[in-house]
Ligand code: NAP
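Only one chain is included here, represented as structure tokens and corresponding to the form predicted on its own.
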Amino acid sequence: MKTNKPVCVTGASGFIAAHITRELLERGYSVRGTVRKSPESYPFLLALPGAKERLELVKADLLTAGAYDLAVEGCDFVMHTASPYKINVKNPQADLVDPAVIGTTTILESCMKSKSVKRVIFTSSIAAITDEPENAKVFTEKDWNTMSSLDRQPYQYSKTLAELEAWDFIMRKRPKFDLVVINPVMVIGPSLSPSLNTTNQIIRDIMSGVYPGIMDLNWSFVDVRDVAKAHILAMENDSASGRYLCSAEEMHMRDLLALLKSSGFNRYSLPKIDLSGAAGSLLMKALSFTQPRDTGMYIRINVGRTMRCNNSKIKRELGLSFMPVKESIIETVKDMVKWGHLPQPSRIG
């Protein structure tokens, strides 16, 4: 399904949403993006090619009932990306769960009032599929995170509750629109704004001496531009349905470091001590208790386990092909240097 009406993108200034907005404009669509501040606060969005003619920014608050009524009216498609992504928050209920869940209800209620909305594409996360790797398991769209709570990885908990609320809303209210969900893994890639994406920050921390050694960690990565394309393919494909696990490939920390070294970034403070063995993992778990609560918990849950994801559904049904993760990582690092999140390599040492 294509449309000549505006496509509503909630939280348009976010890392993923900004790329969705750019991709939609490049494909000739008009975009109505919701933002938290006045439009002039987002010059990077207003400067996108096609923005002057086909981008409208409107203020809307996740926690205010009816806030999205005007934003979605007249739109065939709504892409709901707005949701806080923070770790080590003081109040997980107020800072993470309430905005994610109430925001989901708010946008879906507005879509239900609308006479035009045909489909909502919902940005969920691997966090709603699992909050911990399992060495013998390959995760698919059929899996659900049943482990997280306010006390255990509350960000993952918020994403799980938000997606559950979306599907429950569809079952209870039986709206005229349908719901398609994209579940990205660790999203990396160049940023359209000066802010630093949380996943990119992990790579920055690895390059900045934050990690004491090479840990037995691996991540499932996907480029933000592929995530944006996934949302648009889910909009344009009439038969798209259910959840789509959006993952390019996995990479271990030692392979990530080898890539950075071979790509000319060896002057940064990359971890050198190999702590990826059994004894090293025990040490890392012990040291994790010296870290902020959620960071330490993440280390204890993930060290020594292998994450694996099956991306066959999104490739088969949406026709999405992924860019190589190695290319994406190198672009990510160069982009962080450009924005000043990492120093220029020539100025190190």
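Quick note: we count residues from 1 along the sequence shown, nothing fancier. Because the structure is a prediction, the values reported are computed rather than measured.
The same protein also has a form predicted together with the ligand, omitted here; what follows describes it.
Here is the short version: of 256, 185, 129, 235, the single residue with a heavy atom within 4.5 Å of the ligand in the predicted complex is 185. None of 110, 148, 199, 104 but one reaches within 4.5 angstroms of the ligand in the predicted complex through a heavy atom, and that residue is 199. Judged against the ligand in the predicted complex with a 4.5 angstroms heavy atom cut-off, the residues 219, 270 and 332 are out of contact without exception. Contact annotation: residue 82 falls within 4.5 Å of the ligand in the predicted complex, judged by heavy atom distances.
The shortest heavy atom separation between residue 60 and the ligand in the predicted complex is within 4.5 Å. The ligand is not shown here, but in the predicted complex it comes within 4.5 Å of a heavy atom of residue 36. At least one heavy atom of residue 13 is located within 4.5 Å of the ligand in the predicted complex. You can rule out all but one of 164 to 172, 177 to 185, 139 to 147, 274 to 282: in the predicted complex, only 177 to 185 has residues with a heavy atom within 4.5 Å of the ligand.
Contacts of stretch 125 to 142 with the ligand in the predicted complex, defined by any heavy atom lying within 4.5 Å, are made by 125 alone.
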